[in-house]
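Okay, here we've got a single chain as structure tokens, the form predicted on its own, with questions on binding and movement later.
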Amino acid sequence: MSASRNSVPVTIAEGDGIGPEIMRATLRVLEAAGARLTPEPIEIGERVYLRGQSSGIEPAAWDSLRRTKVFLKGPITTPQGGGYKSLNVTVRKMLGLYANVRPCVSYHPFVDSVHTTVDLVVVRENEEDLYAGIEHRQSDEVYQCLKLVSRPGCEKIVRYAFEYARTNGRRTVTCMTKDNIMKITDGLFHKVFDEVAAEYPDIATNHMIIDIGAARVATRPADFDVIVTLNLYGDILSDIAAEVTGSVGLGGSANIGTQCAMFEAVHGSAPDIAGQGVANPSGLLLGAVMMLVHIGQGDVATRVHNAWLRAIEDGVHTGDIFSQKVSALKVGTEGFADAVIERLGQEPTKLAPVRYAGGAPMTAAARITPVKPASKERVGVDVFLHWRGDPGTLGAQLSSLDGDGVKLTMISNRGVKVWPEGIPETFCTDHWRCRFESAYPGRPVTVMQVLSLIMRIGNAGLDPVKTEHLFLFDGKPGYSLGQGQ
């Protein structure tokens, strides 16, 4: 790497599986292209996990990341079994990397692809949703994962998507949610999208339910420009989009925060082909191109990306995209890096060449609109029980515990109302949501009333495993009805 006065410190982690091979190839290309970098190597991943660090990362590595604020990361293997948290999720959340940006482009006819005119970007919320990783086992039969969605989290990612679209000359931003079912959490994301969209009249917008949206990405990806969505949906969508372009192995990824940024390949560590020298370094290399733009080295990013396009166009392909119809030469990891290096300074003649300006950091101040605190009133509590039996028996037992200003109004099982007036066809597990509300309309329920209720339930020999308090916010329920209620 260039050690000039203008070189930028970058934290480098090879990762696991094919990580060392593709990182070595990527760094060779960057060095040959004149990237002005000062690498700071750190070790993370499987070997760190197995040394007893359940997070997969040691304190010295955090020091480097917080100092350089730029991270080029190889893929990580999380050991099988309990007790290990995903390092990818940990790094994203610890460093506040709230936006995951995954461009997906087809390179027809030089890479076989289901669709030939794909050029879309998935902007995925990166810190919350189900990836908060808050899970519990609550009974013999039922396990829980909490879906956490915040207004600031929604606004940060939606605003970033619009800023990205405007900066990169994109015309349309599509929001995808499942707010027809998850009306509170996904409903919040959709609501914030509509609010922020009003500030960007130069950009067209639309909203799609995630299931049909994912189907359309698979069948009609040319309809999309920028897609913004929640964490889990974005993870799935970006892999679908990458696959229809020809290979997930071609996808680079940026993880962006207000202070730090991480760049990586979309794909995983592929331990089944590790050490064989056959892995495609393209995903990590294109992630590094995004990094170069981010640190202001758009000139080098242009050289690398155009040389990569020329190699692809010339039919120099690794095994994952090699085709007898379009490929001219099958190469391994290092052979592909050599092909890109040989073409530095050249541009593709059939694929569109790229042009990066001097570069502007992909990080952006996450503007959050202050929200006036709502008037909040507790009107009841959902008590979740681990219990075996029929809903009628449970309803009768719990109704006998009414008093102190609260009464049982509903029992549901896996979200479906089973008392009162359930139907016998409904299948029930050993996990019951028992809703107690104020016995006096218009009168709030106090914490002490809830605690007294829990004491009565416990003294009756029942097993409460969780409670969720029911609130009105500015007079509107902040909780869902049971299905069938």
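Don't overthink the numbering: it's just position in the shown sequence, from 1. Quick caveat, the model's predicted, so the values are computed rather than measured.
Another form exists, predicted in complex with a small molecule; not displayed. Remarks below refer to it.
- The stretch among 246-254, 377-385, 322-330, 298-306 whose residues place heavy atoms within 4.5 Å of the small molecule in the model of the complex is 246-254.
- Though the partner is left out of this view, Pro75 does reach within 4.5 Å of the small molecule in the model of the complex, counting heavy atoms only.
- Contact check for Asn231: no non-hydrogen atom falls within 4.5 Å of the small molecule in the model of the complex.
- The small molecule is not shown here, and in the model of the complex it never comes within 4.5 Å of any heavy atom of Ser106.
- Taking the partner from the other structure, the small molecule in the model of the complex has a heavy atom within 4.5 Å of a heavy atom of Val266.
- The listed set Thr185, Ser113, Asn88, Thr409 contains one residue whose heavy atoms approach the small molecule in the model of the complex to within 4.5 Å, identified as Asn88.
- Among Ser238, Thr174, Asn280, Thr177, the residue placing a heavy atom within 4.5 Å of the small molecule in the model of the complex is Asn280.
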